[in-house]
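The form predicted on its own is given below as one chain in structure tokens.
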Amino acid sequence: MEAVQKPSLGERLARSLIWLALAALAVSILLPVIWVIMASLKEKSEFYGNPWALPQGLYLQNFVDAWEKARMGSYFLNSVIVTALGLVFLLVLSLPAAYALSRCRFPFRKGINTLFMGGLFVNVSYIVVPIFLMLVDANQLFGVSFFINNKLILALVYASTALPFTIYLLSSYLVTLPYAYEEAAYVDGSGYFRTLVSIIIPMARPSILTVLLFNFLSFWNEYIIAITLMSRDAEKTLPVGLMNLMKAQNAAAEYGRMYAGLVIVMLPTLILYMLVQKKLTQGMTIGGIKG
């Protein structure tokens, strides 16, 4: 048997530097999160002492006040509804489009694909005002108030703005799938829609999960579009409600309630990421492995 060659001094030094950089990055990310969670459990008087001191007890009243008095519960429900609807709209629109662009051959396919890819370079912040004016004009045209302060419309706008990235990611994965399964389905008399539902979607599950997680984080934390289209307080989403809470509680020196609101916003994303971390990594790398 050949002896295992030990890594050289340079390799060990490079590996140590990489681990040191990763450890520093982890600390820079985890430390603020831990500090916010600690601060959310403190009473008001504790903030006037050492800011790095551990909380004297678990003061959960901050979460109760943030949820009820600051209406974070209502904002939380609005965000859940908008995010869920946005993800449903996004999958319904992007899956057939990605399937057609990556697996089918038809006239102007490359041109349409180029237009979708061009959408990757459009910053949503630059088009939020035209979107708002378009919806206001639609209200005036039809004599309704349906298109503003409507969670359904906000979810549809979220899905529309996420289409270029989602179609790009799904198409990149679908193009790596073998054609044998589709050809067998076509021989058995299956149409395009049935093939998509029965063959393509189950095989593309890792990529779909990746798309869902990325867009969940985007929709859940989105602020610019939400504050523009949702002026009515009862319809505001969690990030907008959090900004209102921070302004109000900062003026009233209710820092515990403010940090409790921050925890309410970030906790679902942390839990979701921890649950699907392995599948997320698989969805981001499996396309390259198959290619």
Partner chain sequence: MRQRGQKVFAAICVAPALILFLLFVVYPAINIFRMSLYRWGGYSANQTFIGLENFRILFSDERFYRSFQNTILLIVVVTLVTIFLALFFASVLCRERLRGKSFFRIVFYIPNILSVVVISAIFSAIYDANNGILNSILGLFREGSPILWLGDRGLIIYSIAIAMIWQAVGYYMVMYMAGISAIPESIYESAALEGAGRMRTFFDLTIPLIWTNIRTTLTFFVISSINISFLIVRALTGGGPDGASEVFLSYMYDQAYTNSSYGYGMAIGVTVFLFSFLLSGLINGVTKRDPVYL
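Numbering follows the first chain given and starts at 1. Quantities reported herein were computed from a predicted structural model and do not represent experimental measurements.
Not on display, but discussed next: the form predicted together with its partner chain.
This chain appears without its partner; in the model of the complex, the one residue of 169, 204, 157, 85 with a heavy atom within 4.5 Å of its partner chain is 157. Heavy atoms within 4.5 Å of its partner chain in the model of the complex are found in exactly one of 170-178, 74-82, 113-121, 204-212, that being 113-121. For residue 51, a non-hydrogen atom is located within 4.5 Å of its partner chain in the model of the complex, even though that partner is not displayed. Mapping the unseen interface onto this chain, residue 18 counts among the residues with a heavy atom inside 4.5 Å of its partner chain in the model of the complex. A residue is said to contact a partner when one of its heavy atoms sits within 4.5 Å of a partner heavy atom; residue 262 meets this definition for its partner chain in the model of the complex. The closest non-hydrogen atom of residue 189 lies beyond 4.5 Å of its partner chain in the model of the complex. Residues from 75-108 that approach its partner chain in the model of the complex with a non-hydrogen atom closer than or equal to 4.5 Å are 93, 96, 97, 99, 100, 101, 103, 104, 105, 106, 107, in the order they occur in the chain.
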